[in-house]
Ligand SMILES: Cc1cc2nc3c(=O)[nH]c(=O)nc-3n(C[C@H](O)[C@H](O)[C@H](O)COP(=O)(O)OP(=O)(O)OC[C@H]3O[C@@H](n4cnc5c(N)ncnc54)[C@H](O)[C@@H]3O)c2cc1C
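The chain below stands alone, shown as structure tokens; this is the form predicted alone.
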Amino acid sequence: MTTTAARATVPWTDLAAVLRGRIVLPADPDYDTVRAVYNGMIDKQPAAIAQCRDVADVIAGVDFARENGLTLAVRGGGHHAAGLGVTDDALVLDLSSMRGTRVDPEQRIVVADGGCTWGDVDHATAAFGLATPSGIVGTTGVAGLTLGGGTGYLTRRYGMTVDNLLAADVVLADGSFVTASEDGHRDLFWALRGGGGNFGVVTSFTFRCHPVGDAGTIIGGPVFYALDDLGEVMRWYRELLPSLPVELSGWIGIMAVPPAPPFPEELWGRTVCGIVWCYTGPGDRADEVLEPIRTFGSPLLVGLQPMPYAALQSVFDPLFRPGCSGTGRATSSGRSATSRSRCTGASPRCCPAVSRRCTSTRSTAPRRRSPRTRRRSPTATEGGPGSSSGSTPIPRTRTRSPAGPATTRRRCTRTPRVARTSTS
């Protein structure tokens, strides 16, 4: 039986009958719009997309996929460069409608639903002068960044995003709902913190928040240097960063100056070396801490100024528009006959600040490959610290990827086939 014929036999009306959300099928006029993700190079054709409205919808989707032998993909923010939120011939659980947040300012905790972006979280926590480490782009999904680790302006001071994860609500492959934390299902909580996907569908995250700046106002912005100064600037940056207080961080890259205010018109479109700084300490120390930043070299622009932390977090959102590739380049997919490939080529109109972020110079020395080691977490049936009595082990198969760069990772698949459930 062909894949198309197999999809035609799936009783989609049965799933639609139990969802509060909507089922989108290939014949629907908005199918191409709904299946599109941030990276315009991704052109996947899922069998159906379930636009979930709540946890009950997620449970229904997981059960339906298992009972009908369907591959399951999970979309959070849809921002993942590899497009892991959509898969050919799969049932996609689209959580983008689940974007609720709740802040407890006394406990300094924020709870974010699985479809939230970091812009949603920053908006909620900013009212209390709080934040949690969360990348540098507000349109990034909470789920993908957290389950992959997550770094940002606050990482030097408060750790990675995953270090600030306190609990996660998860729908498992058997349709059961659990809360993973240090107090329960500790093995699952260990796996979620950096392990990525295939452990279940995370429907909400609970994070620890921290005070930033003076009641949420920080000092930040870009400092631009001529491209001819790149080597000198990067060497200075590499040696300066370890000596800076943890309240100050910055990322360095090569970028084109956006052709719009507040940037000076004479710099519009110019390729520069840029460092974007963020100081989150007390304002009365700002001049002392930022003095070496302001006085180094011959900058083309020093854009440091007081602003809400959430404003710095979202300043690059217009530069990383949907339809760009995972590297930040504008793309056009030759495989799709639809209008979903929204970029037509590398253009300042689409990605005026194309940059590849780096935090140190690349070494030219040969790379030594160390033996792979894999920490083994206890299973529920072994009575480990996070075991659940009476739980049924889920059979799994492990496959090793072909030999390649040191970044090659193993993947695990479970029954039902949950296709890369951690998506941003």
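Owing to the predicted nature of the structure, the values given are computational and were not obtained by experimental measurement. Numbers for residues come from their place in the sequence shown, where the first is 1.
What comes next is about the form predicted together with the ligand, which is not displayed.
Novice: Can you pick the stretch from 261-269, 150-158, 99-107, 288-296 whose heavy atoms fall within 4.5 Å of the ligand in the predicted complex?
Specialist: Of the options given, it is 150-158.
Novice: Which residue among L84, V212, A173, L312 has a heavy atom within 4.5 angstroms of the ligand in the predicted complex?
Specialist: Of the candidates L84, V212, A173, L312, L84 is the one lying within 4.5 Å of the ligand in the predicted complex.
Novice: Looking at G77, G220, P133, G250, which has any heavy atom no more than 4.5 Å from the ligand in the predicted complex?
Specialist: Among G77, G220, P133, G250, a heavy atom within 4.5 Å of the ligand in the predicted complex occurs only for G77.
Novice: Are all three of V137, T140 and L145 close to the ligand in the predicted complex, meaning a heavy atom of each within 4.5 Å?
Specialist: Spot residues vs the ligand: full contact, yes.
Novice: According to a 4.5 angstroms non-hydrogen atom cut-off, is Y38 in contact with the ligand in the predicted complex?
Specialist: Yes - in the predicted complex, heavy atoms of Y38 and the ligand come within 4.5 Å of each other.
Novice: Check whether C273 has any heavy atom within 4.5 Å of a heavy atom of the ligand in the predicted complex, and answer yes or no.
Specialist: So C273 does not count as contacting the ligand.
Novice: Within a 4.5 Å heavy atom cut-off, is V202 in contact with the ligand in the predicted complex?
Specialist: It does: once the ligand is placed as it appears in the predicted complex, V202 has a heavy atom within 4.5 Å of it.
Novice: Judged by heavy atom distances of 4.5 Å or less, which residues of 114-128 approach the ligand in the predicted complex?
Specialist: Only a single residue, G114, comes within 4.5 Å of the partner.
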